[in-house]
Each structure stands twice: as C-alpha cells, then as structure tokens.
Ligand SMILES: Cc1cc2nc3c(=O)[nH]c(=O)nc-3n(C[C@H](O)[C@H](O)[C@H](O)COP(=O)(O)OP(=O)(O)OC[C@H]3O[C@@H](n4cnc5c(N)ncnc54)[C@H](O)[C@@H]3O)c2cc1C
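Take a look at this one chain, the form predicted on its own, written out in structure tokens.
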Amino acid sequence: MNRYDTIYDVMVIGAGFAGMAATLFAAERGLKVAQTGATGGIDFSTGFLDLMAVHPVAEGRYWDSPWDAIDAVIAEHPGHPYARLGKDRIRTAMNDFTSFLQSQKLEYMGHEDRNTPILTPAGTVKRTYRIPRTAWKGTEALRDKAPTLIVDFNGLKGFSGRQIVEMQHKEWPRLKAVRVDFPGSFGELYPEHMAWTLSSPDRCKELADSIAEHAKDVEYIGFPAVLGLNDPVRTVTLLEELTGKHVFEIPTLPPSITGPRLRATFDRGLAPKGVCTFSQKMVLEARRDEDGLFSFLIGVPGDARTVRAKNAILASGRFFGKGLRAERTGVVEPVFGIPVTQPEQRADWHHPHFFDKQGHAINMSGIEVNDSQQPLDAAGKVLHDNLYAAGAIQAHHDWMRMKCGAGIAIATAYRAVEVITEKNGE
C-alpha cells in the first residue's frame, strides 16, 4: 500500500508552528499522521517561543508572568483561544514541545513562571517564554549589563552590531561592537551558508582569532545566529573554548537561520515517528464523504492526488500561511468554507494610522471553535465532528502584538490531538 492508498488517522493541514505541533503530538500518541502544507511561518521565526507577554496591546504593557497575562487577556477577551484550554494543559503542551526539540539537539531554556528579557536584532528588548540555549547567555549579559562585544560581518544583511549598541548605550555602557570579515568568504553573505561554514572547527578558529584583540576586555561575545545549523550548541561551545568568553547568538532579521533550524529539527525527528509528509503540497479541495472520512485533493493544479483521513486538523495559519484569504467581499477560509469572524465592513479592517499601537481589527479575525477545537458554522454548531482547528486561524487574538503566537499554536494543537485521541479510545 503506497502513501496515497493509506487511510490516515489524522491529516494535518499546515506546516507552521501549529501544524508541526499537531503532527508531533499526534504521532507521539501512536496515530497514523499525514501532513501537508507549504513553507510556513516557522521558517521565518526568530526561534523564540512566545507564550503571552503584551496586554493590553494599545498600552503596550509588558508582563513578567505569562500566566498572569493570560488571566488578564481572558478577562478582557473571553473568546481568546487560551480561554478554552486551561493553564495546566498549556504548560504541558509547551513542555512536551520543547522536550521533543531537546531530544533533537535543539535545547530551549527559560523560567517556569516568568518571561525572560532578550535582545532583538533591532537592538530592542522583548520578553519571551522559551529561548534557544545558544541565545541564553545573552539574557545573562543583558541582565547584568556585563562587558559585552557584539560581532557582525561585512556582507551580512539584517544584523548590525552598531545598531544594537546605539539602541542600548544609555542602559548598557559596557556594550560595544566590531565588524569583521567572515572566515573564508567575501561579498554578500547568507545565514544558511554561514551556518554550514561554522560547522568546521578550522573556520571557528579563524573567527576566534579575528576577534581576539577586540574581546580582551569583555566577558560575553554576541554573534548573529549563524553558529551552525544542526548542532549549534557544539559550535557555541567550541567558540567559548577558543575565546575564553561566554558566547551567545542573536537572531538576524527574517529569514533567520533560527527558522530553518526548527524546520530541520522537525524534518529529522518526525520521519522516524512514521509521519507521512506531503511537503510543499497544498490542499486544493476537501470533502467529507458519506462514510464520514475526509478526502483531500493535494498537490498543484494538473498534478494532484487524493489522500483520505479519519480526522483533520486545520492549522493553515492566517493570511501569510494562506489559511485565510482576503477577497473584495470579505475574508474567507478557502479549504472548508468555514465562516470567518471579521469586521462587518472592509473599511473597518484597518486603523487609519498603520502603526497605531492598538493594531488593526482585521488582526483579530479568524474562525470560531468550541472547547474541543472544532470549527463552528454560522449558527454556532459544529461543522464536522472530525474536523479541528489549531493556531493562528482561530479568532479573537492578535498574536503578533500580544506576543502569544507560539503558545497558541502549540497549546491548541495539543488540545485538538487530545480530543482525537480520547475519541479513538471510546
């Protein structure tokens, strides 16, 4: 039986954070999983796992405790996805997700009950819940305002040590920057190529030698996140041995290598769990057959095949992931035709001022679901009892401004898989 003849327990539609999380959780529960979707938002990720950091958005209030922030946002927005999950489930989902990453040599760190401040490539400071181990010492340097050198490279776009220093110089006077040539390369540089290059110990030695004179009086050295692709901890450890300093990474502007690292980690870790991936294939058509199973036509027009599944998890994101589509008459969900909660008039989609702190009404749009993560029709009834939705496609949150994107994706995916598993056990 080939992969097109198989009837899967779950078809996951989407390859971003929610899609990857749903696929992982389902596979770990022994379900037969198929996943489809184009390059998702995970490839453009900073690598940080935001849980909840900003509320109210209009005030730009940052919270040290993501759990207190979740309480606050639920009180004001009872339709927020976190309101249907419960803190224990959210915590378990985040722990299971990061445990998988750690098993694949992509370790994450953080505090149990509070967010951690960390530098961004723009030189600002954000609060987030989980941070790659390779970036963690940057949080210590920032906390202590320790003597620190930021290194950047001639030819690398999207990262400027000088900009970071200029943004931080009032609060962090012992922060300085240097720009050097990248070992063995000239001209325009690309993060993925740089990451592969620094997998070589010889190139790391060249890099350490090139910055030694500038690093004499510092305790920490920060680099753009190009220190290896599949095992960055090994590269960071080697550079610490070579320089005698604490070393950390800062993500570059998207597309950063931190996203492909996550992608590579899932590619490496999901296949042994029996996941069938239909990479870069889109769902062109979906229907629920008389026997209750779903049939999906996947691929591209003129070259598409049918795949069948007992359940489906829609994790296709919002506009960037093509989970929602903006048309002249309104916003639509294109795969199942699920009603989308949105402003009544197109003129109300956006605030007159693009950078207004309160954001835009369109960013709270999405589909409605019940406590089991099942999409609802216009009458508020379950659309299909074996269809679920996870991640940004759900309504009533502005994940980018609230800094809650990864948490919503991971926790809603966890709940959807939990319900499917419970139903399978009936």
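Not measured: the values here are computed from a predicted model. The numbering used is simple: start at 1 and walk along the sequence shown.
What follows is about the form predicted in complex with this ligand, which we do not show.
> Hey, with this ligand in the predicted complex, do 119, 165 and 259 all fall inside the 4.5 Å heavy atom range?
Result no, not one residue of the spot touches this ligand.
> In the predicted complex, is there a heavy atom of this ligand that lies within 4.5 Å of any heavy atom of residue 126, even though the partner is absent here?
Residue 126: contacts this ligand in the predicted complex.
> With the partner left out of view, is residue 47 within 4.5 angstroms of this ligand in the predicted complex by any non-hydrogen atom?
Judged by the heavy-atom cut-off of 4.5 Å, residue 47 is in contact with this ligand in the predicted complex.
> Taking the shortest heavy atom distance, is residue 36 within 4.5 Å of this ligand in the predicted complex?
It does: once this ligand is placed as it appears in the predicted complex, residue 36 has a heavy atom within 4.5 Å of it.
> Though only this chain appears here, would residue 42 touch this ligand in the predicted complex if you measure heavy atom gaps against 4.5 Å?
Within the cut-off, so yes.
> Given the stretches 226 to 234, 99 to 107, 277 to 285, 242 to 250, which is the single one in contact with this ligand in the predicted complex, using a heavy atom cutoff of 4.5 Å?
Among the listed stretches, the partner-contacting one is 277 to 285.
> Which of 350, 214, 203, 322 has a heavy atom within 4.5 Å of this ligand in the predicted complex?
Only one listed residue qualifies here, and that residue is 322.
> Of 316, 134, 311, 148, which residue is found within 4.5 angstroms of this ligand in the predicted complex when only non-hydrogen atoms are counted?
Comparing distances to this ligand in the predicted complex, the residue within 4.5 Å is 316.
> Check each residue of 6 to 35 against this ligand in the predicted complex and list those with a heavy atom within 4.5 Å, in sequence order.
Sequence-ordered list: 13, 14, 15, 16, 17, 18, 19.
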